[in-house]
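So this first bit is one chain, no partners, the form predicted alone, shown in structure tokens.
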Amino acid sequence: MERLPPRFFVTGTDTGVGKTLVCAVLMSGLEAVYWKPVQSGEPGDTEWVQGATGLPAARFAPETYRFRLPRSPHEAAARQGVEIELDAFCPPRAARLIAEGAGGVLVPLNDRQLMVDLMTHLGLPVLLVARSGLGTLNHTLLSLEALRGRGLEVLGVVVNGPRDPANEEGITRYGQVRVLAAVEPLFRLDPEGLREAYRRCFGGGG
């Protein structure tokens, strides 16, 4: 696999496709700082990634917005009487950074802006996480179209779940994009298991 850039944004084709797991795998192999700009729901993804990887607190930046309810960011914010503003987001000044979005590419942040607007605001290249099974082609192609429509650099796709070579080939062919890695279900969600997953899926790519 080609080397990943030092700073990039991880998004997904939907909620629950494995963005946070992929971030944990990447954090286990890269000397990066993890940043979740918007967290909806408790416990947060930052705590989960830190607990799974066993990495020190210095490797994790605080969220810009953190909300209690596991809802779309715009709704979670409104329930707490807050409006998300793009100008509030200032990424950590880390040489290597993995930023993780909330939900999919077009999830609303407020009445005017979507998650893709945050990606554009930050100006980071994007890594797209997709599930491996049935339905992934439609979701992946729609997500790629939305990202490219904003002029964002797409690094590639990481497929999460049981291997499906036909779907991986379909993503590559119809999406005109590289499938950088396929992360199969992990038996160990602990530091060693995640480091092994990084070596297997991304080895030499960081």
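In case it trips you up, residue 1 is the first one in the sequence shown, and so on. Model, not experiment: these values are computed from the prediction.
Just so it is clear, the following notes concern the form predicted together with a small molecule, a form of the same protein that is not shown.
- Among residues of the shown chain, W48 is one whose heavy atoms approach the small molecule to within 4.5 Å in the predicted complex.
- A residue is said to contact a partner when one of its heavy atoms sits within 4.5 Å of a partner heavy atom; D190 fails this definition for the small molecule in the predicted complex, lying far away.
- When the small molecule is considered in the predicted complex, E196 lies well away from it, no heavy atom lying within 4.5 Å.
- Taking the partner from elsewhere, N160 is found to have a heavy atom lying within 4.5 Å of the small molecule in the predicted complex.
- Comparing 132-140, 100-108, 118-126, 80-88 against the small molecule in the predicted complex, the single stretch with non-hydrogen atoms within 4.5 angstroms of it is 100-108.
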